[in-house]
Each structure stands twice: as C-alpha cells, then as structure tokens.
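Next comes just one chain, in structure tokens: the form predicted alone.
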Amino acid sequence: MQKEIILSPLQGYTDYVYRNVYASCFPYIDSFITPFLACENDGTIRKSKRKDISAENNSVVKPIAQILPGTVDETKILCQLLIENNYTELNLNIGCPFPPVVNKGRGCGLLTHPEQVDKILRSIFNNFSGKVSVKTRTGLNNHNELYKIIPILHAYPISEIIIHARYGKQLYKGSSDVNEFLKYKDLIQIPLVYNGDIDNHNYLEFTANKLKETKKIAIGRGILQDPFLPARIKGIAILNEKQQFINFITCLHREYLDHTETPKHAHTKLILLWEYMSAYLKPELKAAKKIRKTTNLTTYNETIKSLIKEHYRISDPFGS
C-alpha cells in the first residue's frame, strides 16, 4: 500500500514560501497543512498569518488551513477568515503542546475540557461548510485523555483525525508511541492519520511494519530534514538527487529574497530552515553550526557552496 503523505505544519518553518517551493520542486506530498491560525487577545489575526493563507500566496498549492481556537467566538472569527479566502477545508488543532498555547485553553489544553471541544466543533460545523479534519495528541497529561473526546468526535462528520502519538506534557521529548496510536485506531470510527517521529532512522519500521495498514501519515520535521523522505517512503526512484537538492535550496533562497521585506529577513528564514535541513548533509552538526554563524546572505551563500563542495564534491554547485 502506497502511503498518502501530509506535510504537517511547523510554526516558523513551513510557511507559504516553503510550501510553494517544495511543491514546485517535488511531486511527493499529497497535501499540505498551514501553521495554525489563532486570534490575538483582542480578536484580531496577525498580518503575517493572513498573508500565509491568502490566495495570492498559495497559487502553487492550495493548503488545508489549520485553526487554533480556544472559544466559540474565536472559532467564528477564524472560520469567517477562511470563507473570505475561499477555503474548502480546515484542520482543527487540539494538539499543540506548547505551554503558552495550552495555558490559554487552546491546543492540548482543550483535551481536558471535552465540553469545550464539543462547543468548538459545533461552531465550526455551523459556520463552515467545507471539509473538517482534526489534529490532536493522545492527551495533555497522559496517553488516555483522548478517550473522553472520542464520543464527541464521533458526533460530527469529521473527515479524518491526525494523531501525534505523544501526550502534550512530553512536548517533543522521548519517542512517539506507535502502539498508543494503534490502540486508538481500534476505537475510533473516523479515518486516522499517524504523526510523530517518522524520519530516515525509523520510517521503514513505522511505515512498512507497524503502520502497514494505515493509509495516511503526516510528517513535519522528517521532511524538513530530508525533502526526499516522502519519495523513499513511497518507493519512488529519485533521479539526480544531488542536483535536485541543490535546485531546491537555490529556489528557497530566491523565493525568500522575493517574498521577505529585506535580505536580512530572507537570511533569517533560511538559517532557521537549515536547523533541520543541515541533517541532509553529514556531519549535520558541523554544517548547522557553520550556517548559523553566517551574518548575511553573502556569507551564507559562500558557506552553502563550501558545504556542497565538501559533501557532494561539486566544484561550482550554483553555476556562478
């Protein structure tokens, strides 16, 4: 069974520039989810968030928009924004584990309040006519808290549920527990998508063994670390991999330069991505440190060229 693969969102990393460049360079991902949309304390939505979901910035690939409400009022505001931007599918985030989010009763903070999950889902289906999926974890404090949410989820026509197989208090520590996901797979009557720790180290064990019968998987950090991971999982032959990678990072450079306010902003975005992408080059820690030490796009370019020469033995990787 060939897996369908979703790009799971990472705040600050998988913005519209990254999504568009990836989709232009590689045909490996089946759907993309935006980093979450949330309301500020005064009910407004940041300009950068609006920009990330706008139609003009998503012409290459139309993503699924993820929302992170904590109240019914916030839900209405977020649904209205998606309607204004002609979205036909949204993803409800009740799984974000970060304390500032949880403390506001959003993300994983909702998993201990089933009645609030019910109110938010009711509001979504009253205010949004498109497809609705859910992203969650197995709980906030332990793996069992999702059990109380299952009857609520079954009460709505949810298209699918993405389960990151950690509980919130773990953040990203320890390992994602595939066996906990499989327990829920037997209890939930809605199609499930697995998320958590799928990378080059364990993708064969996860996708060919434990998740053999799971049709869809969502991957975030694993794809940032290796853009070819979805092709490897699907068994797609990768031709001219080195040159494809060089084309990818060159395109990212060009597009961030075009879509950020200043070269300094573009440089900041690129070195942020290389926190993960450096894992594609070995030794990854050495590469990451070199890139993070760059102070501008000129030194960044020279460092990238040097790393490509070192690892690929290509004398002039960018043809300049």
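Start at 1 with the first residue shown and count on from there. Nothing here was measured: the structure is a model prediction, and the numbers come from that model.
The following text describes the form predicted in complex with a small molecule, which does not appear among the structures shown.
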item: Contact label in the model of the complex: Asn93 to the small molecule, heavy atom within 4.5 Å; value: yes
item: Proximity of His164 to the small molecule in the model of the complex, heavy atoms at 4.5 Å; value: yes
item: The small molecule contact at Phe36 in the model of the complex, heavy atom, 4.5 Å; value: yes
item: Any non-hydrogen atom of Leu110 within 4.5 angstroms of the small molecule in the model of the complex; value: no
item: In the model of the complex, the residue from Ser133, Thr75, Asn195, Gln116 that sits within 4.5 Å of the small molecule by heavy atoms; value: Asn195
item: Heavy atom within 4.5 Å of the small molecule in the model of the complex - residue from Lys169, Lys185, Arg221, Lys210; value: Arg221
item: Stretch in contact in the model of the complex with the small molecule, which is absent here, among 81 to 89, 144 to 152, 213 to 221, 240 to 248 (heavy atoms within 4.5 Å); value: 213 to 221
